[in-house]
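Just one chain follows, in the form predicted alone, and it is written as structure tokens.
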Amino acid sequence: MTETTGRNMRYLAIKLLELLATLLLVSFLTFAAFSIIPGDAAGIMLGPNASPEQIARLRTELGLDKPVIVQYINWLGGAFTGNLGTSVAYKLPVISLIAERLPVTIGMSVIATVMVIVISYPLAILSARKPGRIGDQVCSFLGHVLFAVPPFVLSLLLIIFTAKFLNIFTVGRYAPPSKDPGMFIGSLILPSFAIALPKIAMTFKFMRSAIIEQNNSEYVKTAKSHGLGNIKILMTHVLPNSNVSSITILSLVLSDILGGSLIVEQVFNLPGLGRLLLSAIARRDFPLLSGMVFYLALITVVLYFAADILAGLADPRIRLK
């Protein structure tokens, strides 16, 4: 095994250990948050009219009659094996409820991420070529405006514009991907755009600054003095050296998109994780609520782990530290 391979393996092992430690910490905090809520969880779920026998029966079903450490170990084992118990409100396994709603949230997140990359990167490249010009100022101004407007406000504005003035969108048109894939994707385009707009502004601003910084570096000046064209310098030097910044901002954008989709789903009346989460809160469905919080945190942690690995691949100096 070469020295470089050994360093790469150590880097990967350290990142995996950090991932596992973070997941354990998230699981503990999630469990603790629902364990220290004032009042008896079974009594809260059943309401004030429940009899002591009903409360005792539900406590036994939920495992609340066992010591706290045993409850946590059982819950942790279930969380990492996909068994999070049964929803009190829906009378269905928590994992099946999450899996049923996950395509909407993941689909919106993927479409919004593609929009962010396809729109913000070309705008950042064009704007950074001639900073301070009218085009750059217009893009920067629009970026500030879009970044300041919350996604749910943009959702309402898009609904009004497309439904009232263009008459091309109707809120509530949705079909599961298994029944009508075309309608499923079509119903996610507009809400995904509402989620993506602020992230486009954020990514544009960040990438524009990174490209300008690279354009002003000494190696770019040297490349120009050797007669290399702007496109050649951009593709072979500037963009590759901006990869770490790109990966960092995209990891932040992806986690923000995942959180933003939970709110936008309510505005567009989509059956995603957002509606399920609000339903779990309203019904005091603690098994469902704790399971959703854990798996949303799991997705976020995995995204950051993937970003760390990609950043290490893009810049070997990160792996050497």
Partner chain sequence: MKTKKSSLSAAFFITGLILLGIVVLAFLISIVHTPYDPNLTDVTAKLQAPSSAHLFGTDNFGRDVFSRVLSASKYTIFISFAGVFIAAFLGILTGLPAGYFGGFKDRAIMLFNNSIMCFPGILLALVAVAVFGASMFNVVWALGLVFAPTFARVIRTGTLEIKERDYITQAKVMGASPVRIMTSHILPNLMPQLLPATVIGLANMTLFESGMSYLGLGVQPPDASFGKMLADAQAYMTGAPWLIIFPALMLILYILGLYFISEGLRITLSGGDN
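Numbering follows the first chain given and starts at 1. Please read these numbers as outputs of a predicted model, since none were measured by experiment.
The form predicted together with its partner chain is left out here; the points below concern that form.
- None of 229-237, 105-113, 208-216, 79-87 except one has non-hydrogen atoms within 4.5 angstroms of its partner chain in the model of the complex; the exception is 208-216.
- Val153 is the sole member of Ala175, Leu92, Ile73, Val153 with a non-hydrogen atom lying within 4.5 angstroms of its partner chain in the model of the complex.
- In terms of contact with its partner chain in the model of the complex, the residue from Ile98, Ile117, Ala223, Ile159 that brings a heavy atom within 4.5 Å is Ile159.
- A residue is said to contact a partner when one of its heavy atoms sits within 4.5 Å of a partner heavy atom; Ala311 fails this definition for its partner chain in the model of the complex, lying far away.
- Among residues of the shown chain, Gln266 is one whose heavy atoms approach its partner chain to within 4.5 Å in the model of the complex.
- In the model of the complex, at least one heavy atom of Ala297 sits within 4.5 Å of its partner chain.
- Mapping the unseen interface onto this chain, Ile281 counts among the residues with a heavy atom inside 4.5 Å of its partner chain in the model of the complex.
- In the model of the complex, its partner chain lies within 4.5 angstroms of at least one heavy atom of each of the following residues of 9-33: Thr22, Leu25, Val26, Leu29, Thr30, in sequence order.
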